[in-house]
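Next up: a single chain in structure tokens, the form predicted alone.
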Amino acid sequence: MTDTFVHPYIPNTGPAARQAMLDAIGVGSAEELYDAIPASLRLNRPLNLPEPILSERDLKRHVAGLLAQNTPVTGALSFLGGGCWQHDIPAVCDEINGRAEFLTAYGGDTYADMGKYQAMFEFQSMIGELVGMEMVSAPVYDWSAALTSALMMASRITGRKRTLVTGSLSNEKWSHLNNTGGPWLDPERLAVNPQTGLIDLDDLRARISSDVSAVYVEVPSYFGVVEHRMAEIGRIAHDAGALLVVGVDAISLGVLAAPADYGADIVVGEAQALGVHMLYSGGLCGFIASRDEAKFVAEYPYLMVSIAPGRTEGEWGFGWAAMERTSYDLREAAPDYTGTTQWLWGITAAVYLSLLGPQGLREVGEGILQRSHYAMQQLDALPGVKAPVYDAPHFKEFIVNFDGTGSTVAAINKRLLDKGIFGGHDLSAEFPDLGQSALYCVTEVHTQSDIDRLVAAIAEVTA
């Protein structure tokens, strides 16, 4: 690439335009802009990049070829989950989130985005109803981000660093918790009962102490297990002065109790299941919720939209709440960082929840329970296959063990994909103690014939 090259798509790449910009800032060349970087850290040679594709037609063909190498979940029968799930998406969700005033829903001025702010307030209100809490943040990047920030909140509220988290926490969340919260938290994994997949209460009682800030439990867990002793876990945490932080898959709350009902202090979770498509590293929608108490509200790192009556009776306004606690105001002195938020997916989740209502959400949850338990029963009847691995209630996801078949999950999944089926998420590297096990996800999108097709395919590839 020469200094005389003019890119057809990128503005101001011509030599005259570049020289004018350099003259405006008083430097002779672009290289001078990097003088502050030590020579030992600089590459000192051009990057080894292919020649640019300058034809729009050729570029489109190249990108289409790259995309064609992928098989989306819509191009196969998928039983993948583990944090991003395939659910039914009502057409109205895409219709509304595709409107221009929402599609650019990143942030903005209070007086210019009244409709956007009202939509976000509705998201917060409906999530609050689901979890039984009064305060809900605007959506954050994902469940992992919400979890780390919530446990940092708990540490600041209690003045303690030790944090006890469920042993079934996914490696993704565990990595985020240690990388982002490491300077402020000392997280420890609790033991999991090998028969039930539930938290080992004896281990919890042995390790809880006056220096523990919070106990974190997921309902359902990463393994799909529903912890049914939450009230007791909450008492153990509270007796030691620790907070109970609960993680939820929002769509499960149509059939499972609200976390506030069994003593949760802070709730985090994922709302991707509420009308949001599975996307490439996107489409996730985490949230934080708590009681409307000053000690909690003061520690929220994320934005919140509030409502206030207008001068004219019957009119209402929407805008930021307690903005002074965020990094937008505190900047480098902030205890946590308010980064990119997922407003568009929060608005989508609000559309989904308002469309289904409480009864509709319950029907979805019941349908998921029926389908997933049918799948477990059918898979468990296959020679060498155990489903589920844990003797406990499950919602949507469950672990299938293939040790008795003599095949690895990787080999089974490869053969399944040859038949147009995405098998379960391979857990053999993430949780080696589970042997050759995979996490399977069954939702309302799966029919009985879909499940029967999976069972028949597994029977064939493991024979």
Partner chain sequence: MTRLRNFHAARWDEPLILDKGTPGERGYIPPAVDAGIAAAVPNPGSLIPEEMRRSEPPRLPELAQPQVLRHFLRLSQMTLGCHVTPDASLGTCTMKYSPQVNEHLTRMPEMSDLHPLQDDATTQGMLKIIYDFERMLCEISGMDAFTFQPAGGSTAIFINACIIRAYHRDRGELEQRNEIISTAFSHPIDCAAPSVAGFRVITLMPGPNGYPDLDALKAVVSERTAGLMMTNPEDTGIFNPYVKEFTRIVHEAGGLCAYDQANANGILGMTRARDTGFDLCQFNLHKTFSVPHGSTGGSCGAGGCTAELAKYLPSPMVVFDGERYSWDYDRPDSVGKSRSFHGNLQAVLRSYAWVMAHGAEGLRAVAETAVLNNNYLKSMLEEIPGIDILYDSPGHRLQEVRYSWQPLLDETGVNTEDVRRRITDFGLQGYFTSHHPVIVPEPMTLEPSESWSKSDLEEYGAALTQIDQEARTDPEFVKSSPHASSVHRIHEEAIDSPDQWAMTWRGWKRKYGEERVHSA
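These figures come from a predicted structure and were not determined experimentally. The term rigid core refers to the most C-alpha atoms you can superpose between the two forms while keeping them within 1.5 Å. Numbering follows the first chain given and starts at 1.
There is also a form predicted in complex with the partner chain; it is not shown, and the following applies to it.
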Contact label in the predicted bound form: residue 411 to the partner chain, heavy atom within 4.5 Å: no
4.5 Å heavy atom contact, residue 338 and the partner chain in the predicted bound form: yes
Heavy atom of residue 83 within 4.5 Å of the partner chain in the predicted bound form: yes
Touches the partner chain in the predicted bound form: residue 202 (any heavy atom, 4.5 Å): no
Residue (of 208, 165, 389, 126) lying close to the partner chain in the predicted bound form, criterion heavy atoms within 4.5 Å: 126
Interface segment, criterion being heavy atoms within 4.5 Å of the partner chain in the predicted bound form, picked from 185-193, 138-146, 234-242, 379-387: 138-146
Residues in 188-224 with any heavy atom within 4.5 Å of the partner chain in the predicted bound form: 219
Exceeds or equals 2 Å, Cα of residue 445 between the shown form and the other one, core fit: no
C-alpha of residue 414 moved at least 2 Å between the shown form and the other one on rigid core: no
Shift of residue 49 between the shown form and the other one at or above 2 Å (CA, core fit): yes
